[in-house]
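We begin with a single chain expressed as C-alpha cells, specifically the form predicted on its own.
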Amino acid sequence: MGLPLWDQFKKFIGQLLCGDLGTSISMYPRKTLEIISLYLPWTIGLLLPAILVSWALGNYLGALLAWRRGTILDKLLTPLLLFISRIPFYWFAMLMLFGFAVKLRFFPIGGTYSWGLTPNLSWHFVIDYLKHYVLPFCTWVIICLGGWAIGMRSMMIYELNSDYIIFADVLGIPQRKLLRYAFRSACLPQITELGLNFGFMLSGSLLLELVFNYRGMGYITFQALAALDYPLIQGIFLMLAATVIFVNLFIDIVYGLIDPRIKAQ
C-alpha cells in the first residue's frame, strides 16, 4: 500500500530540498532534473536576449512616437504596432517559417541545430546554431515590440503633459533633457510590467519552440505531456513557476534601486 498523503508530501519536500525531482517515466532511468538541465539553457538563450531586445527597442520606439505624436510617423506606426501586438505567437511564427524557410529558403525549416551535429564551441556549430536561431528570435522580438511600444507611448504622453515637464519647459530647459526626464519616469511602469508579464512571455516561448521545433523547454514539455510523464511534467512546471517568482523578485529589487522614492520599511 502507498504512503498516507501527508507522508507523501513530506517525502516530496525532502527530495525537493535535496534537488531530486524524481525519475522520468518516458526517459527512464534519467532524472527529471538532469533532463531539465539539458533543455533549459536553450530556452534561456532564446528567451532572455529576445525579451531584452524587444523591451529596449519597444520603449525607444514608443518614446519616439510620443515625442512625435500627431505626425505622419505616429499615425502610420501606432496602428501597425497595435495590430502586431495582437497577433498570436504561434500564427506569426508559422508565417515566418513558411515565408523565410519554406518559400525563400533563407533559413532552416526548424530545429535547434542541424541533424548529426554535437553542441560545441566550434565556429561550424555556432554558425549553424545562429541560422536556426534567427527566425524564432526575430519572431519573438517583432511580436513583443508592439506591446512595449504602445505602452511606452501612452506613458510618455502622460509624462510629457505632467506639471513638472511643463514647468521645466517654461524655465527654458532643453528639449532633449526634458525628454530624458520623461523617459526615465515612464520606464518605471514598464519595468514592473516586464515582471508581471514574464509568465505570459514564458508560455508564448513554449508555443514558439513547438512551431520551430526548437529543442528547449517547450519541446520537452510537449514530449512529457504526450507521454504522460508525470514526474517530468511536475518538475518542468515547478521549475517554470520558480523562475517566474525569481524574476518578479529580481525586478522588484531593481525597481527599488532605480526609483529612489521607494524605501524599505
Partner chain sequence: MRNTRLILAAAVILATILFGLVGRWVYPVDPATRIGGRLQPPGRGFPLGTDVQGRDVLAQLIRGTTTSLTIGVIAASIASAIAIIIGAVSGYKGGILDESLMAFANIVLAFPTILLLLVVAVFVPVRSPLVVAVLIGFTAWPGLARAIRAQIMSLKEREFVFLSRMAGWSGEKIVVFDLIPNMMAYVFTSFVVIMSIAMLAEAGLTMIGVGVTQGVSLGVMLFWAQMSDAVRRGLYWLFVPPGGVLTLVSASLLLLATALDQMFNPRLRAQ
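Numbering follows the first chain given and starts at 1. These numbers were taken from a predicted model, which means no experiment stands behind them.
The following text describes the form predicted together with the partner chain, which does not appear among the structures shown.
No residue in the set I51, W148 and M152 has a non-hydrogen atom no more than 4.5 Å from the partner chain in the predicted complex. Of the candidates Y164, Y90, Y129, Y158, Y90 is the one whose heavy atoms come within 4.5 Å of the partner chain in the predicted complex; the others do not. For the residues L16, A241, V254, V247, the 4.5 Å heavy atom test against the partner chain in the predicted complex is passed only by A241.
At least one heavy atom of N213 is located within 4.5 Å of the partner chain in the predicted complex. Heavy atoms of I44 never reach within 4.5 Å of the partner chain in the predicted complex, leaving it off the interface. Of the heavy atoms in R86, some are within 4.5 Å of the partner chain in the predicted complex. Interface residue remark: M94 is counted as part of the site for the partner chain in the predicted complex, having a heavy atom within 4.5 Å. Between 66-74, 53-61, 205-213, 32-40, the stretch whose residues reach within 4.5 angstroms of the partner chain in the predicted complex through a non-hydrogen atom is 205-213.
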